[in-house]
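Just the one chain here, laid out as structure tokens, in the form predicted on its own.
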């Protein structure tokens, strides 16, 4: 297969890889990567505006992370945590407890992906509190295991029936406020709806173990809520003795211009869910939470490879790289620069209805009409496909599959931001001019 073409890879993929695993937007087959660039099996180079679904925060093949992994491999290929101990897991847990805010006793649970971390939270909280219910938000995407999907409320998961113990409520979306465009502060209305209606009707707060929320809804459409949303939500939780859980799987570890997304709202969650970029490219997730949540009982949430030495070593090196290279600040500064460049596309292209973001997560929502805000879903698929042809990797997300998601590695430079936006500009122009056919994207269903 080493000499295969992209088309041959596509045929192999169709024959060998399960469709249940796939979310394809174009025919890309990775061969190698470095920094913000990926190369395919035919040698073509791409600028990556995805970071592999926001996983490669330090870029590809970061030398510090790579060297740490090599040294750990030379010691052992595997060391388990569930029935023994090893130094990388202990050092990583100590570092995460230091980084995550909270003036209370914290502990760390390790898993392999954001989904299992979300599932663990959903499993342990009712046991720790004696309360049966949870609250999550429409548009939230907390994973793809059975329990994490129960907590999610994303359009892509509607074929799965969620558990009746999780109540889903509207998220404060300033561009598409679910309560109408003329309600004033969408955050205030959303919080009032939760406390004065949901809690007083179908979901008594004294039976609610926790509220789980994303500080920026990523797969839901890169939605940045008003800045008062999280503080008001925290206030509701404190008054009703409900735990606040923040899902930082996709937007934590520096992506928003703070180490953790909720730090923009100056709130202190009782539990923080981490994954994706935490392992520096290797499978790893974590929950950093109050001790009473994670110590509710032994062997209630364990996996053989949880907190393995190799992944923990990569995570420690990744955190060191983020801190030593100033990547949180770079995400803040270059993210603001990128945001302004994307905002300029709104003045130029009729398809661009809204641009929003925080640091290195930016969303460009495409609409057929700016007045009606009718989602331009097919056009989003075409823009992503055309950008790929031009040499830019980008995905689309959202409840209506119409939001271009920009999540580059945190090492992105202003020059690379210019380069990527120029390709997006061209892709938008080509789609608006009708130069990308329906047939071109027919094999790539996306969401």
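Positions refer to the first chain, counted from 1. Values in this document were obtained by computation on a predicted structure and should not be read as measured data.
Not on display, but discussed next: the form predicted together with a small molecule.
Checking 257-265, 97-105, 114-122, 291-299 against the small molecule in the model of the complex, the stretch whose residues place heavy atoms within 4.5 Å of it is 114-122.
The contact with the small molecule in the model of the complex, taken as any heavy atom within 4.5 Å, belongs to 249 out of 245, 331, 249, 364. Contact annotation: of the candidates 335, 88, 143, 281, the single residue with a non-hydrogen atom within 4.5 angstroms of the small molecule in the model of the complex is 143.
In the model of the complex, the small molecule stays beyond 4.5 Å of every heavy atom belonging to residue 234. With a 4.5 Å cutoff on heavy atoms, residue 219 counts as touching the small molecule in the model of the complex. Shown alone here, residue 133 lies farther than 4.5 Å from the small molecule in the model of the complex, counting heavy atoms only. Residue 356 falls outside the set of residues with a heavy atom inside 4.5 Å of the small molecule in the model of the complex.
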